[in-house]
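Just the one chain here, laid out as structure tokens, in the form predicted alone.
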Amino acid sequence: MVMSMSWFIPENEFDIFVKNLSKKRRLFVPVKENSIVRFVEFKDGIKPYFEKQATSSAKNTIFPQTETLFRFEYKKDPKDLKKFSVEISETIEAPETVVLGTRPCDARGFLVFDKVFLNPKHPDIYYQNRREKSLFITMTCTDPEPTCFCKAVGSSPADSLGSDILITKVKDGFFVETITEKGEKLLNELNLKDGDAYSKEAEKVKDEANEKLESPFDTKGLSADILKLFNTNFWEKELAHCLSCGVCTYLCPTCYCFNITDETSDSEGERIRTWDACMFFHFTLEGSGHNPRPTKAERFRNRVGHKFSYFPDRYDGMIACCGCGRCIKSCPASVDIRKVIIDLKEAANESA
């Protein structure tokens, strides 16, 4: 962390700011296509959409939905055709990248990924390289969605944790403040106006945004409550209308499940990593045909348990949920994880 410095961008100059960000680096911005808002690489002619939280999180900027880990080719030994060698080529270099327009929940989500993929003993070099080359410019969530519950998991609409730069919309433009050294270095390149005169207004905007949100549940004791109700019919009742479609995991900023497959053609091929979801039946299906989590209730129990019990117990209390509410907003069956947790705590108290 560095001592926060502040700048100001007049509203009519923000488009110029966006274009300047893309001159030396790859830039991702949220773009609205019909009713869907997703992060895409910025190019001339693209109009970013910053008014609302993106439909999907920004995790694809560092953790692509599909990526080739390496390519391979089998080659016969010309002197002994029964012998083969395998040549492997990999590309792990990543371009300098800026992600603009994330909300605090998006940036905070990557801290969960870091615990898993930046393990000091076994770091994921593909994720690591992208993470090191990426910079996140987050916007204060001045108009939270009705489905947002970030305060319940220890965050807020102006949380800077995980961000490099934080932007807050004020009356005449945008108040910009640095969070990390990477953020400070980038802003020093852009020759922006001093923002000290707007700092009080920005703080007021943050406070007002924070007041708009309530905390629907208390996470204290939640890990123990989940384990207490582990072998009960609570989960069947709560998940009766779930479709097991997996949209909750695909849109989630903290879900990182993946599958790896080898795709071959003749003697060549590539190893591909793709997103997967714990809500799918086949995710835990073993080669023997046995599935330790055969029902949707058991799979959702695992999803909630991982976020609020298993992950916090392993990583010093860090909750693997950022409260973005995407899983609620986009669920076709209207499963509300807030209600599930509230019901769970009540059921745990009744069984005490």
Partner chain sequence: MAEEKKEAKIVGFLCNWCSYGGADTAGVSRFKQPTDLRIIRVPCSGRVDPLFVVKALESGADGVLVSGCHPRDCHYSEGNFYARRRLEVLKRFLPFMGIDPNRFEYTWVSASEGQRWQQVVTKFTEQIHNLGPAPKREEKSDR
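In this text the structure is predicted, and so the values were computed from the model without any measurement. Residue numbers count along the first chain shown, from 1.
Beyond what is shown, the protein has a form predicted together with the partner chain; the following relates to that form.
Even though the partner isn't displayed, in the predicted complex is Phe308 close enough to the partner chain, meaning a heavy atom within 4.5 Å?
Close contact is absent here: in the predicted complex, Phe308 is far from the partner chain, nothing within 4.5 Å, heavy atoms only.
Considering non-hydrogen atoms and a 4.5 Å limit, does the partner chain approach Pro64 in the predicted complex?
Heavy-atom contact with the partner chain at 4.5 Å: present for Pro64.
Does the 4.5 Å heavy atom contact test between Asn60 and the partner chain in the predicted complex come out positive?
Close contact exists here: in the predicted complex, Asn60 approaches the partner chain to within 4.5 Å, heavy atoms only.
Find out whether any non-hydrogen atom of Phe300 is located within 4.5 angstroms of the partner chain in the predicted complex, and reply yes or no.
The answer is no: Phe300 has no heavy atom within 4.5 Å of the partner chain.
Which residues in 6 to 39 have a heavy atom within 4.5 Å of the partner chain in the predicted complex?
Counting only heavy atoms within 4.5 Å of the partner chain in the predicted complex, the contacting residues of 6 to 39 are Arg26, Phe28, Arg38, Phe39.
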